[in-house]
Ligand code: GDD
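We begin with a single chain expressed as structure tokens, specifically the form predicted alone.
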Amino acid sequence: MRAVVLVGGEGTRLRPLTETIKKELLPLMDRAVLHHTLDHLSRHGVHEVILSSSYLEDTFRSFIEARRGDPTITWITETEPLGTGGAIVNALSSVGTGEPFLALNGDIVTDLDVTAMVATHRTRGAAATIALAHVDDARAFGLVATQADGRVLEFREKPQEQVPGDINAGTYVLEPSALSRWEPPGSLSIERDVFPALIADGLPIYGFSSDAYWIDLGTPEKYLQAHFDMLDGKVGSAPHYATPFVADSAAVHDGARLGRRAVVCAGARVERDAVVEDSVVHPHAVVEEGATVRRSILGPRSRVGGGAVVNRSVLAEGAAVPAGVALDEARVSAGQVAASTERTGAPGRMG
């Protein structure tokens, strides 16, 4: 079976991390988010994946070259952003016309039973099947209305008030023939353009509800939560990870203190008397002596100076916090030095 994985988004809500790194290539525990996605698809019999993007596409080259085993990857360069629907239509020539295929957002983590979803799609004779997730607050997503038998009636706008309901979970099984009316390349939204048109034509569009784990990695808060959930064993398809998680090539001083939900990636360093809690330290980042990092994300090769305090903040690739500075709810762009907001009084140094 083939799948189209949508990796064309700019990841604006995850900035400044995504200023230099595609969100699908951000580390999630011990490897890139996209590795987790492809491994999950492989376990469900997907042997070929089509990827396409017009944003930071060069950053995918090393990933594709390093990837081994199932599924194989076919790359399509978009000359301009095509949207979720346009990217899928543009990939039809690589997907083929004979069999249904999967399409999914590349910035989600899920243990969805894809095999069961495809089987249900075939049994129903559906033109499209949409994975649905039940949430307590649909304001950020919008609602998908279905009949009792699961047939989709409509996509509703995001509610203004907090209400529970079923939302589009970003994984689809599609019949190529259902998309034949659209000519590539062209910009389309699968939610606003494609699915409403198919529903209006009376084609059988169904929802697939399950209690599978699902999270959208679109914000720093959600990105952190995905790490915590993996550490807590909530993602059924993920490997077991020790808590705290320290990569084999990371260096954590015996005198440092890591909270249970700390993640220290490959090549990172946490020095003497440093504290890291509820945070992710990306590859080759450094937390210097006596620094404290809580509820934060430290991008690759970033540095927190000695005695500094970083709370609920995000440092992009190569960003730095000077020694002794306190940073709270801040975003520091790639290669930039954080503004001196407050001095902690603790001694420290910048290496």
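All residue numbers refer to positions in the sequence shown, first residue = 1. Just so it is clear, the model here is predicted, and its values are computed rather than measured.
Beyond the structure shown, there is the form predicted in complex with the ligand, which is absent from this document and is the topic of what follows.
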In the predicted complex, which of the stretches 301-309, 41-49, 281-289, 23-31 has residues with heavy atoms within 4.5 Å of the ligand? 23-31
Using a 4.5 Å heavy atom cut-off, state whether G142 contacts the ligand in the predicted complex. yes
Proximity of N105 to the ligand in the predicted complex, heavy atoms at 4.5 Å: yes
So in the predicted complex, does any heavy atom of G83 sit within 4.5 Å of the ligand? yes
Taking 4.5 angstroms as the cut-off for heavy atoms, does R13 touch the ligand in the predicted complex? yes
Are L6, K158 and Y172 jointly within 4.5 Å of the ligand in the predicted complex, each by at least one heavy atom? yes
The ligand: the contacting residue among S209, S237, N168, T120 in the predicted complex [heavy atom, 4.5 Å]: N168
Sort through D273, E277, D229, E191 and report the residue having a heavy atom within 4.5 Å of the ligand in the predicted complex. E191
